[in-house]
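Starting off, we have a lone chain in the form predicted alone, written out as structure tokens.
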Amino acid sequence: MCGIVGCIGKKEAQPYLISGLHRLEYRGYDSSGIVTINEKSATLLRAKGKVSELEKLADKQPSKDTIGIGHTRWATHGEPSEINAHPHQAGDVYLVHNGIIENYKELKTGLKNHVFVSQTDTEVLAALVDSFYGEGTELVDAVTQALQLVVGTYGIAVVSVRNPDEIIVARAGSPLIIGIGSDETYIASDASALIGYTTQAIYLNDGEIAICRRDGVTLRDLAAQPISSRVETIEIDMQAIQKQGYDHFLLKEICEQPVTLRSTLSGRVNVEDEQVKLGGLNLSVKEIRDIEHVTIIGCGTAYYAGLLGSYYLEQLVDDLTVDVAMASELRYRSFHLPKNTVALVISQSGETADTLACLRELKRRGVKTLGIINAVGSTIAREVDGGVYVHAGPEISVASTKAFTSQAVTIAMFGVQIAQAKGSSAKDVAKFIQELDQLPNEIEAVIKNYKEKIADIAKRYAHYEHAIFFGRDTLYPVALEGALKLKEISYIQAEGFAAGELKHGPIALVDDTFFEVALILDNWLFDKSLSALAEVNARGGHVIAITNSKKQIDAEEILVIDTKLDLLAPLVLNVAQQLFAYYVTVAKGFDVDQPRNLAKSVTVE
């Protein structure tokens, strides 16, 4: 969600801070700000809206200071405004914050010496630090004492005019990365802000505080005890976070899927030997064979990928039970899991707050946890017992596309590995393995051969206010994902349904303000799918049918996707949906990559 940057070195700080905030725009935000300091004064700049507005202020008020922090804010407490934007000031302390301070009202009542001007919980934290920052007190000690009183989540960076040689950073539930340069130290909440400045980084863990200086970093915990640091290599390159000629990151990421899928499958699927091998699971063959139940946890697109993956697990392994849960709900339920359960924890960013909370509760109960993660070095990736990086590369657009495909494929590979360990016949898994190998080429063909037609259809349906997506079996999760993509970037109110459920209520919605997307596979449920379509047509529906069938289908618009796949055909049809949502949004003239009110990495409840 919110983004943090900071730097201390020999070069002017403002250019890095502005550049870093531009890099973090994809995370979603509504205002931004920076502060740079020296031993005498501070230059504080804040603006509502895009980072470009902040950049205009920086052009008018340039600073030669070599230490500073910056922030992009996604509003939680208080409306989007300049006064609520970070950094917040208390005395000569300046603080930026990702997360939520749950007990800020209680803390605020005890801070009588500070005049509050914003509606935020963050200003309370800044005032709390300032209240401990008396004569002879080190800034890090003031921060430590303040955080010992805090309930909630935070990633913070703190500077003070009284101490122009240090940035104090700390985290609890909200990611922070410290980049190690030559006589320079950088701070960011996302590795993308560090690319081109350094390749070496320290990933902070919860409960850690870092004292960042020009010549290095010192770590300690909330009890002021020293901690050893581990420097890791950042694996993202500059090209991965650039548009490379595409109009939008979303289109780039949709079109990257053949390449990213090959990365997901590489070294894991052996077609000749008809074997799948996922490294990093940290499970023996016996432990895999003994799995009786799989619970899948995720939010949003990750949840839908898990739901699709659950169908594949059930198809592959007869004696396996599977459930899929929304992390935001599961974390507060009194749930029970049977013995020999393995949990699949799915998150593109590896920082999703609700998913992380579920992971920690599952581990507390002794459940083996496996991560299906895209972001290397993320919190969930570090805390799971084992897992798989999907290697989809950075997703800059808020709407997730390539991660969904790789997540669903990874669950299917996991299912194949369980089936093999349990002794299923080669015939039962061979078709999955063959289709996994063919999937990148099939998706490549969709993008190449159907992009223009999909763009044309999208223009003709972009004026509608509402949409219904429906499908059966494996196409039900795909319908949910298709509706999510359309609503989150085009703002068309869209819902996904199981086709058989339309007549139990949703079909009442069908009128001329709606269009419908019918997802239909030419399989054993083809006739059942046509029945649902006929019910919509009978009520005056405006149906776009997306199908792999060349049989007669009665719809207002028919998009026939020619694919050799059967089991994994839903993932091929989903790419068509992704392109449809993209081109509808372009036709409506909205910001494709940064839709309103949304954030890429949801690190708060």
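Treat the numbers as computed from the prediction; the structure is a model and nothing was measured. From 1 onward, residues are counted along the sequence shown.
If you look for the form predicted in complex with a small molecule, you will not find it shown, but the lines that follow are about it.
- Glu488 is the sole member of Glu488, Glu435, Glu442, Asp473 with a non-hydrogen atom within 4.5 Å of the small molecule in the model of the complex.
- Just one of Asn84, Thr352, Thr185, Thr410 comes within 4.5 Å of the small molecule in the model of the complex, counting any heavy atom, and that one is Thr352.
- In the model of the complex, the small molecule sits within 4.5 Å of a heavy atom belonging to Ser347.
- When the small molecule is considered in the model of the complex, Thr301 lines it closely, a heavy atom lying within 4.5 Å.
- Using a 4.5 angstroms threshold between heavy atoms, Leu484 counts as touching the small molecule in the model of the complex.
- With a 4.5 Å cutoff on heavy atoms, Ala399 counts as touching the small molecule in the model of the complex.
- Contact with the small molecule, judged by heavy atoms within 4.5 Å in the model of the complex, is confined among 292-300, 501-509, 149-157, 166-174 to 292-300.
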